[in-house]
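In the block that follows, a single chain appears as structure tokens, in the form predicted alone.
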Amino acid sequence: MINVAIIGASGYTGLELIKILISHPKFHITYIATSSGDKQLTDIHPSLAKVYNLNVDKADSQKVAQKADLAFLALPHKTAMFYAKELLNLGVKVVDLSADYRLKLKTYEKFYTTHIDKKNLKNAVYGMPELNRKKIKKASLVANPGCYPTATILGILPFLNLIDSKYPIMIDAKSGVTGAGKGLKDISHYVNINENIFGYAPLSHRHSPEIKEKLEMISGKKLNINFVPHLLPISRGMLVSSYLLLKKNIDPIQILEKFYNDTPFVRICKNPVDVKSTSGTNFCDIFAKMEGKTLFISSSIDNLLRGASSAAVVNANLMSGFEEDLGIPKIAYVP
């Protein structure tokens, strides 16, 4: 058994981490913390009553190091790097669910804030197994990808060497309201989102530079990424539609099946994907169709799981020498 800690347990991703880890055959939760502490876990998440409970401490890196070998940071950006830096110095492995270690320094500081842990930023591994499985296995610090980048990159990745980079890539993305976080906001206020849908931060969302940076690093090409997210009146789920121009006509399903043949958490679909089939799982479902030189890609994930918490546990599995799919949810919330 490996002892693990969760710092930032009060949010949606913190709860999803707990739900996965309490049933995990190899990970044992020994420490749970928030910024304030001094509570019981069931006070924060009443849905866990008669299922699981633990004291919730005020976050303290020294206590984490005494009780855990690996820590999940379900914290906002800037706060996460403070704890990651301390924990790594204390010999604790870290899976960070924030944006603090996902990007190159210049990109991060342009779109977020000043970075206080440049040393570890250089050594962080981007936690997408389909890209970096071998590196994740050897890593002490893994940066969990963003939810929109996960669904987008997995869809586009198999076609990168076929893209005609003279033309822009158009990405139309939609997420459930949990993607906006647990805090009170106008956009997620019931009377605004109920029976409604709208775009937000068009062409300027913080996940756009993450998508651009990773795709350019893999392809070695400069790409024009146009990303527009939308909020759906559903609790969870994510659907990303990407539009690309390719250099030649191809069979996209055949390329997808070959590319993801040995990948446990990507499913290739013969029909357009939907959010309910991936809800509650770590799967990414992908469909693609070609018309002339125009390629349409549709990808679906659970924004809280494959886009955050279950992906984090997959990374922890790999970092700990376990099978990638150990204890990971695979059965969707259907009907």
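Remember, predicted model here, so these are calculated numbers, not experimental data. Residue numbers here begin at 1 and follow the sequence given.
Below, we refer to the form predicted together with another copy of the chain, which is not included among the displayed structures.
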Task: Candidate stretches 138 to 146, 210 to 218, 115 to 123, 232 to 240, one within 4.5 Å of another copy of the chain in the model of the complex by heavy atom - done: 232 to 240
Task: Site test, N194, N226 and A332 vs another copy of the chain in the model of the complex, non-hydrogen atom cutoff 4.5 Å - done: yes
- [ ] Look up in the model of the complex whether L245 has a non-hydrogen atom within 4.5 angstroms of another copy of the chain, and give yes or no.
- [x] yes
- [ ] Report whether the minimum heavy atom distance between K58 and another copy of the chain in the model of the complex is within 4.5 Å.
- [x] no
Open item on the list: So, L203 and another copy of the chain: in the model of the complex, are they within 4.5 Å at any heavy atom pair?
Closed with: yes
- [ ] Using the partner position in the model of the complex, report whether H28 sits within 4.5 Å of another copy of the chain, counting heavy atoms only.
- [x] no
TODO: Taking only heavy atoms into account, state which residues of 170 to 191 are within 4.5 Å of another copy of the chain in the model of the complex, ordered by sequence.
DONE: M170, I171, D172, K174, V177, T178, G181, K182, G183, L184, K185, D186, S188, H189, Y190, V191
